[in-house]
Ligand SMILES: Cc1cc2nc3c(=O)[nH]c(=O)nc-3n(C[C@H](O)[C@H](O)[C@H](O)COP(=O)(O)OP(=O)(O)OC[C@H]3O[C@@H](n4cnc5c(N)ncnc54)[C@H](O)[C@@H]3O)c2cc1C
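Just the one chain here, laid out as structure tokens, in the form predicted on its own.
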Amino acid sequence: MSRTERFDAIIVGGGLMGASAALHLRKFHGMSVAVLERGYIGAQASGVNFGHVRRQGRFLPQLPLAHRSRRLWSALPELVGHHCEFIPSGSLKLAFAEDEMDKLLAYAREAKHWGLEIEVLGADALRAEYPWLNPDVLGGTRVSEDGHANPRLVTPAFGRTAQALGAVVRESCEVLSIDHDPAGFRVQTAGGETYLAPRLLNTAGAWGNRIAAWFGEAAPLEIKGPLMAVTEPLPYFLGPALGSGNGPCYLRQVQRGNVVWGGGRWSQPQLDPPRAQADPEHLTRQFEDIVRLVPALRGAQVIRTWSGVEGYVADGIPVMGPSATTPGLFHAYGFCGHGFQLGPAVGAVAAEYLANGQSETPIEPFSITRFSETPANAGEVHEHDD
């Protein structure tokens, strides 16, 4: 039976950003909100990523948002009632060539002006502290307060808390069309439901560009599937989340001993229906990249592989901010594989814009309007390993 429901805000997309926005709209702004998710909460990019909670290596103007999110990660037990296996184990970037080390050093110098302290480690210090590393490593940089968490726990925790606070969460609820007039937004779903609200948040991930295009604006977006794998439980030894300085691979070890790894290679997913399948040939090559970092992992048994569906904007920078064409619409999508760490704060900032039309956290460099202008930020460092 068809029905019509009215809310203060509608969120299209039930990933981490959408779930966080719903929680913040209810908890801190007292607004009624509906989350419309075509599948299940956290089942797409928010649930299939590496789980890296890192700040180093990010596009520098993104650091204020990343700093705010880092504070929220520490507050997860109070915010959602669970730590979600967040471990501030540190993050370590490694260099095997002089040019790679030069880039790490340059980034460390620049990041200091954005409030991020990065420790520089030479080859001797690395070998002394991490004797399992490839002896060819030249040096690295470390941020001790970075870390990692379990993506399969985080978004459902935000979704459950939002529901407990009064948010309406609809799963298996595909949005077919969205219309806008002076009264607000009218959202039609495949189930025949109609949702009305004066505000709309687009956190539809790889599908976000479709929604933006309905309102006459879009970004150059490519769809990719991250390739991920996990080993059998091993004696715990890794400590920090680890990655190559030029970004092709990364790994972390959970407290149960399993090593999670990925990076540098992708599957070719499809959007309709959502599907991504791990590519065995690429996974084999990816594992060689991992073994180059940590030779002791050669011979470890891989017990599961997976992929997902993610949206990558052409300039490597997400789309986040108010619509340039439609009042009441806010976009937050295309996070290029580095949205997991940012997710809690993206939701908080989006909620502030929906409620008050502004936020103290700067997000201007991410505006969708940059695609109608000459990008001022092209060429900045921004990595994709969340």
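Note that residue numbering begins at 1 and tracks the sequence as displayed. Since the structure is predicted, the reported quantities are computational estimates derived from the model, not experimental observations.
Below: the form predicted in complex with the ligand, not depicted.
Undergrad: 107 to 115, 93 to 101, 222 to 230, 281 to 289: which one contacts the ligand in the predicted complex at 4.5 Å, heavy atom to heavy atom?
TA: The contacting stretch here is 222 to 230.
Undergrad: Quick one: V12, M17 and A45 and the ligand in the predicted complex, is every residue within 4.5 Å by at least one heavy atom?
TA: Heavy-atom distance to the ligand in the predicted complex: all three under 4.5 Å.
Undergrad: Closest heavy atom of Y195 to the ligand in the predicted complex, within 4.5 Å or not?
TA: No, Y195 sits far enough from the ligand in the predicted complex that none of its heavy atoms falls within 4.5 Å.
Undergrad: My question is simply whether G357 lines the interface with the ligand in the predicted complex - judged by any non-hydrogen atom within 4.5 Å.
TA: No - in the predicted complex, heavy atoms of G357 and the ligand never come within 4.5 Å of each other.
Undergrad: Heavy atoms within 4.5 Å of the ligand in the predicted complex: does H338 have any?
TA: Output for H338 is yes: heavy atoms within 4.5 Å of the ligand.
Undergrad: Heavy atoms within 4.5 Å of the ligand in the predicted complex: does A204 have any?
TA: Yes - in the predicted complex, heavy atoms of A204 and the ligand come within 4.5 Å of each other.
Undergrad: For the heavy atom contacts within 4.5 Å of the ligand in the predicted complex, list the residues of 54 to 88 involved, in sequence order.
TA: Just R58.
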